[in-house]
Ligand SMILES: C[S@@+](CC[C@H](N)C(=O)[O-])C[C@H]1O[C@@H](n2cnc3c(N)ncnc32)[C@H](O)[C@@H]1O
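Taking the form predicted on its own, here's one chain by itself in structure tokens.
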Amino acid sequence: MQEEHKMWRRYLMWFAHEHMDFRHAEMYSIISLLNIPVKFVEKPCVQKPYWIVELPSEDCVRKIASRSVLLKNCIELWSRARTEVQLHDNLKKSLNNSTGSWVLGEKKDGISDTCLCPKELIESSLSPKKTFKVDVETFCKHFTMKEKVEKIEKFSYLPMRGPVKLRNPDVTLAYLEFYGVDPNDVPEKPYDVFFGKWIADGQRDLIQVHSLKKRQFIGNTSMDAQLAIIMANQAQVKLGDMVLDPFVGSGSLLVAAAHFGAYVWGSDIDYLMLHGRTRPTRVGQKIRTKDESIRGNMRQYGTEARYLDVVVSDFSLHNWKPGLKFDAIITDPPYGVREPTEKIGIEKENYTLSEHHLPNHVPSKVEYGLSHIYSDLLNFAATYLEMGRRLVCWFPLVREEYQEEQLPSHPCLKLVGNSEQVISKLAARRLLTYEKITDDVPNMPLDPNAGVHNFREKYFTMGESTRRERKEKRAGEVAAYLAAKMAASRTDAT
């Protein structure tokens, strides 16, 4: 065996197995924001719901967990093995490891089965004065309570001399088994087993706390609570930041940004939405109540003091003064499917408005194409973002035509995050994170890639084509069924 002297401790970061494509972007954004150095014991794999890392301290673990909504929990790793028997053998040997560092055996397939932690990790956590409990968690396999208790009793050789306390103990020990990710092909034995001390939970509870089902004011396209928090994390929103959503809608992204301590601005062209006068979204609700508003949502979550205001504004003709800087821009522009893409304009040529009609004039609107929306958005971010800060936005596309080099781009902005959320067989949207890298803003009237994806036209065209194919297939199946039935009837008659 070879000894490796590690000043840092080893941790298992256990993730929820959802939005897997967002995991790296959220975690790297948090780690970068908090300026925490991380060493990966093994290269992260999207298909596995865990990372094994080394961090300087427990405090670093708690800081990361205080932000991430995709992280379930993090444990200080005491042992890791391919089999349950090997894990117990490692733990028993660890009780005699007085080297003060991890002792690792030869690696097979990049992983060492022999992982002996310093005995100080165990002894310092299991003093007679500390209450404890042991949790058993499995991935892709279910165990009864009796089976879990049997697994817990196998750890009786550990020096757990303190009293057992099932609720809020001083020390929570965690035993985890990983059986792969395919529920239709679960192996008899686990692929990986882990044991260690629980350190912190992620922010999974925020999904329920901020759930749209409980929110006072929502619209047709209100952002899912979990995705809104992920966006705020990828924008690296922190205490005291000033954040803008230029297509604010019902303000879901403002709620997420304010949760992390930001002061929030919003704008939208939809006057009725910003004043809470649109048709109610919830089934059975006839009219909106007086308290339904973005401010009402902020009040609901105790962050009204961080709400600056929302402005009825056409983003193509924005009225933000030069020199103003935002710390983050997070937004979900309309795609023209469930919400219209509009800007102020008129299709008539040489149209003028008399002074008599001007006081009561309501401007007409024309289509605001996606190509121009994203060009305006990136140009705005290049001008109004602080250096080094981020724009996070959604971009819709037809899945089979996706090419990364055709995403919206700008010379002042570097694409640092690109995650996919599948909407249907045909369509998806990608969460794009841009970081401002220079203040030398060139004149970019239209992004050269912006017109490549005519999402709305292709979405409806391909959707109609698919519906037609399904209808023809169904008609063929019905015709074949009727023909077979008639043939069977003739046979019976004969």
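Quantities reported herein were computed from a predicted structural model and do not represent experimental measurements. All residue numbers are counted from 1 along the displayed sequence.
The next section is about a form of this same protein that is not shown, the form predicted in complex with the ligand.
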Sort through 217-225, 189-197, 126-134, 143-151 and report the only stretch with a non-hydrogen atom within 4.5 Å of the ligand in the predicted complex. 217-225
My question is simply whether Leu173 lines the interface with the ligand in the predicted complex - judged by any non-hydrogen atom within 4.5 Å. no
Would Tyr301 show up as a contact with the ligand in the predicted complex if we use heavy atoms at 4.5 Å? no
Would Pro333 count as a contact of the ligand in the predicted complex, using a 4.5 angstroms cut-off between non-hydrogen atoms? yes
Does any heavy atom of Glu342 come within 4.5 Å of a heavy atom of the ligand in the predicted complex? yes
Which listed residue (Gly249, Pro408, Gly202, Pro396) meets the criterion of a heavy atom within 4.5 Å of the ligand in the predicted complex? Gly249
In the predicted complex, which of the listed residues (Asp113, Asp270, Asp89, Glu420) lies with a heavy atom within 4.5 Å of the ligand? Asp270
Give, in sequence order, every residue of 300-327 that has a heavy atom within 4.5 Å of the ligand in the predicted complex, or say none if there are no such residues. Ser313, Asp314, Phe315
